[in-house]
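Shown next as structure tokens: one chain only, the form predicted on its own.
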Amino acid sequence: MKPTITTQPLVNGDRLNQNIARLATIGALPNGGVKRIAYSHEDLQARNLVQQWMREIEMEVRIDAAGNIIGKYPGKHAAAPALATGSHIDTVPCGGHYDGAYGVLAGLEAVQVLKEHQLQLNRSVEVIVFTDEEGSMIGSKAISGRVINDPGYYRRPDGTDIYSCLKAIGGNWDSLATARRSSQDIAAFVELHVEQGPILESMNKQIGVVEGIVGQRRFNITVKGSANHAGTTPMSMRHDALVAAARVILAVNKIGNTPGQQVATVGKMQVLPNAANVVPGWVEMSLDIRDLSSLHIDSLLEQLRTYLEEIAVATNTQIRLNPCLHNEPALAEPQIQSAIARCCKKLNLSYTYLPSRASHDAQEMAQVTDMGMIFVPSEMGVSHDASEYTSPEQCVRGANVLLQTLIELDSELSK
């Protein structure tokens, strides 16, 4: 009797990459980029195409009150919490072909492979297209139950109200609470995404096993000095707000470069009165600081406050640090990280562990259920730009890891 030879099901790489290219034609820009702003005509076209693809592979398709598209491939045990994957298909004003869209289309490809191999998992598999990830993240926030209960907050830049936006895509603001999910609905969520950074490429690794999505704190820093004549005010008698601000920027850079995985950035600045012949009297600037550990962020901020006090004394200015945003880290479930790593080994793919320093729908899903993320390299670390690129081979590798991870998790969770 011959031994049974078992092979792992693998994605159809040509089909996956053709679908990525096809979706990128909707909202295509002359420079090669893509513009599919949430709720726009192009977004609606893309949503319709994705729903068509879901139905072609006989998925059950529904749209919840937040406009999320949810395609379901039924499992053997219909009542069991599902395995979910997915991402978004809306873009920034000049985005690339891969951010978000890749995770959605790889999820659909994984389901199509299961269907072609007549593999029905114990649990259903859901592929979710989240609404407006690049703007308000209202889709994933509705699922986590963390939508701000103020329709004015979600008014679009062009003035369009959220009632009209959700209605256009099949949602309903007044029923938003019905979109909320729990671990009773979803056993685990795994999002596949391009890295949007240079780490995997610089390390020559094929897959990133995401440890979590960093916490983010954002502040407004104001520096108050005294505006005065640039020619008649002696250097020793100045209260130069811009000199103080320059030292603040160096202090931010210093804490960003202390041991750890944190990043710290001053990216925006306003100087008043902003005249060539006037000593600056007022500076306002932004601070963005991110890390996987809230405690580490707290420690870095304490260091920064000490530096700010010293700078204020040295420059005869007043410096204030005003909080604007506070997002806690969303840690990936260790069991899912381990499953992803095992699948990389099975597929003979090199991998490393790393944090996600960008926001994703997965951070909201972590409020609902166990969460994991898979990264594939981004060439030169570029994203949110027309030149964003991940090779066809890299796209296939990531999709195979996603497929195998869903199968692995289904087996583990059914024990």
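From 1 onward, residues are counted along the sequence shown. Please read these numbers as outputs of a predicted model, since none were measured by experiment.
There is another form of the same protein, the form predicted in complex with a further copy of the same chain; it is not shown, and what comes next is about it.
**Student:** Pick from 74 to 82, 157 to 165, 116 to 124, 250 to 258: which stretch has a heavy atom within 4.5 Å of a further copy of the same chain in the model of the complex?
**Tutor:** Only one stretch passes the 4.5 Å heavy-atom test: 250 to 258.
**Student:** Going by heavy atom distances of 4.5 angstroms or less, which of Leu301, Ile199, Val92, Leu321 would be at the interface with a further copy of the same chain in the model of the complex?
**Tutor:** The option sitting close enough to the partner is Ile199.
**Student:** Check each of Ser175, Asn204, Gln184, Asn274 and return the one that places a heavy atom within 4.5 angstroms of a further copy of the same chain in the model of the complex.
**Tutor:** After the contact test, the surviving option is Asn274.
**Student:** Just to confirm, Thr222 within 4.5 Å of a further copy of the same chain in the model of the complex by heavy atoms?
**Tutor:** Thr222: no, not in contact with a further copy of the same chain in the model of the complex.
**Student:** I'd like to know whether Gly267 contacts a further copy of the same chain in the model of the complex, with contact meaning heavy atoms within 4.5 angstroms.
**Tutor:** Output for Gly267 is yes: heavy atoms within 4.5 Å of a further copy of the same chain.
**Student:** Might Leu295 be said to contact a further copy of the same chain in the model of the complex, defining contact as any heavy atom within 4.5 Å?
**Tutor:** Leu295: no, not in contact with a further copy of the same chain in the model of the complex.
**Student:** Is Arg305 part of the interface with a further copy of the same chain in the model of the complex - any heavy atom within 4.5 Å?
**Tutor:** Output for Arg305 is no: heavy atoms all beyond 4.5 Å of a further copy of the same chain.
**Student:** Scan 279 to 302 and write down, in order along the chain, each residue with a heavy atom lying within 4.5 Å of a further copy of the same chain in the model of the complex.
**Tutor:** Going through 279 to 302 in order - heavy atoms within 4.5 Å of a further copy of the same chain in the model of the complex - the hits are Val279, Pro280, Ser286, Asp288, Arg290.
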